[in-house]
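First comes one chain, alone, set out as structure tokens in the form predicted on its own.
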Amino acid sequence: MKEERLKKILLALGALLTVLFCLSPFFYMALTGLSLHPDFLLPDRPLCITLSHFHTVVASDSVHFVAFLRNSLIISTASAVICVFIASLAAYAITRLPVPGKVFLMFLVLAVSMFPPVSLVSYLFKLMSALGWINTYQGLIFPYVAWTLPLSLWILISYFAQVPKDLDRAGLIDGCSRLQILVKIIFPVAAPGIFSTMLLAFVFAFNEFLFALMLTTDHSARTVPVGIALFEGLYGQIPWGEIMAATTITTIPVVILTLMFQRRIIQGLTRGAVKG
């Protein structure tokens, strides 16, 4: 009995230390944003709590942080929805229909995704300039969809493969079309996997920096990562307090989404990864 209790105590202690280790960068970031002096860890710098950095980030007209955050949310959400919808159609066709060379197609999609973004950004800039999409939402949404599509496709293929094909046959007997089967039968059954894929696509688009830097020119379409990186140019020096405050605010929506839907995310990823 004592041995079991000791194991539980050690397990709880290990889990607590792991959580503290993982969250320590976030706590330090939040404290830096709340501190009057960013170097508060020095012996001669006491920790003075203030909300001035957060107020500057949110209320200042020259920072445009609210516009950056709005752009990121709109672009990331649209990219994730479009990407998952296209990937769902492709995954259903690969796992359900007699598509010739489906294995070759899957590896071709995977090979294309391995190209580094920096090798394509110049051609992408020329294309977006020709289309007149520089500094627009669609100028970022379409590259994000294309770049996230391979990962989304592979995750959804592994998940759709676990859905019994008897459901498709039952739908066909009831007179449903393939699209109706996908929307009314497969989507509800595969909802955890679809949601987890959508969240991963959202996080990728939300954190992307290179395309957002090259394809935007001002706050009308610029996203949060680029906006925060350009804080130094606005202040003439590195404003660590404002940077950490903005980063803390930016992190909160992703953390809230992950905490709210963590069970669905884990369920979706594990069901798609385990056969049977």
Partner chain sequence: MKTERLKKSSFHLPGRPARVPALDREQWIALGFMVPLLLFVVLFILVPVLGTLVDSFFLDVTYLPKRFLGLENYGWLLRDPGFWQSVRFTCLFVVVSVPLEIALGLMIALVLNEQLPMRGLLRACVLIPWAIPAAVSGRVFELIYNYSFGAANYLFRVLHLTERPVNWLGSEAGAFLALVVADSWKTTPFAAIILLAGLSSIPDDLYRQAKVDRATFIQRFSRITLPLLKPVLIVTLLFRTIDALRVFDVIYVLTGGGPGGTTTSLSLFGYHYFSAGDFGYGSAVSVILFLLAFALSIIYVKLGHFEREVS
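Residue numbers count along the first chain shown, from 1. This structure is a prediction, so every number in the text was calculated from the model and none was measured.
There is another form of the same protein, the form predicted together with its partner chain; it is not shown, and what comes next is about it.
Residue contact check for Lys7: one or more of its heavy atoms lie within 4.5 Å of its partner chain in the predicted bound form. Contact annotation for Gly171: none of its heavy atoms lies within 4.5 Å of its partner chain in the predicted bound form.
For the chain shown alone, Phe195 is not a contact residue for its partner chain in the predicted bound form, no non-hydrogen atom being within 4.5 angstroms. In the predicted bound form, none of the heavy atoms of Leu34 sits within 4.5 Å of a heavy atom of its partner chain.
Scanning Leu51, Ala59, Cys48, Leu41 against its partner chain in the predicted bound form with a 4.5 Å heavy atom cut-off leaves one residue, Leu41. Contact annotation: of the candidates Ile75, Leu182, Ala190, Ile155, the single residue with a non-hydrogen atom within 4.5 angstroms of its partner chain in the predicted bound form is Leu182. Residues are counted as partner-facing when one of their heavy atoms sits within 4.5 Å of its partner chain in the predicted bound form; in 109 to 126 these are Val109, Leu110, Ala111, Val112, Ser113, Met114, Phe115, Pro116, Pro117, Val118, Ser119, Leu120, Val121, Ser122, Tyr123, Leu124, Lys126, in sequence order.
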